[in-house]
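Only one chain is included here, represented as structure tokens and corresponding to the form predicted on its own.
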């Protein structure tokens, strides 16, 4: 099952698990439709070699996803009942922090679960990388390469808002790749005076300033992330719009014409990169091995170039944030 927000590479995990499981152990697979919703409702679809052929290059998820909480629908008892009725011996949960936290709780109550880490934000502890992140950075970089050319043509300051609710990995990596003049991330509050300093410095050198900002960034004067869109299904504020807020403030403070672009969900969509296809495929294959070994309550992970298995507790409870030294390293290139 796939749960939470979609990420490029989900289908590659499914394909890797099915092909490896069929070939190495003669295992058969079903997919639960629409995340935990499909699990608690017993909504399954067959997954054989035929159903997964060629899907590793497809974005999204052929199974669908949702943000349903199984604990609101009978919890572990209901999940066990559905798995037994479907003849399922193990459940591979492909999800982010929230999904894996729920999986850990169910595993602690005896549900046979193996996790696969998924988030484009790359903020999960317990693994060096999550699939989808490389694709998101690539998409953001290409979009900002285009923004730079139009900014150069008009001598404008361009503000590009990328995803990153709690961490700034996408902003940091795409900003470095595109040669941004300032990168703003949730881990580091920044004042308008600092922003003005870097923007004017770039402009005075004859450059069109490019500012990359993560959606969860806060000015030094702010107490919480910018949100005007209400809350999501999990009750969290829907972030988005910090770039649109900053652009006129930059223009007022510097006199430089400024424009904002929010990349939004375009970072999630489309074809996964080669790196993400390979990582996701290896995760799917390793998840089957973990299930065969009955490593319930654990998830697959990448450490360096090795795929390992770690306890789900390593992935939840704390986020993998951008270390101060990584940001300070990037800041040497600002302005």
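Quantities reported herein were computed from a predicted structural model and do not represent experimental measurements. Residue numbers count along the first chain shown, from 1.
The form predicted together with a small molecule exists for this protein as well; it is not shown, and the discussion that follows is about that form.
Within this chain, residue 205 is remote from the site of the small molecule in the predicted bound form, having no heavy atom within 4.5 Å. Taking non-hydrogen atoms only, residue 121 approaches the small molecule to within 4.5 angstroms in the predicted bound form. Residue contact with the small molecule in the predicted bound form: residue 164 places a heavy atom within 4.5 Å of it. The small molecule is not drawn, but in the predicted bound form it has no heavy atom within 4.5 Å of residue 282.
Three-residue candidate spot 67, 215 and 268; every residue lies within 4.5 angstroms of the small molecule in the predicted bound form by at least one non-hydrogen atom. Of the candidate stretches 156 to 164, 197 to 205, 141 to 149, 85 to 93, only 156 to 164 has residues with heavy atoms within 4.5 Å of the small molecule in the predicted bound form.
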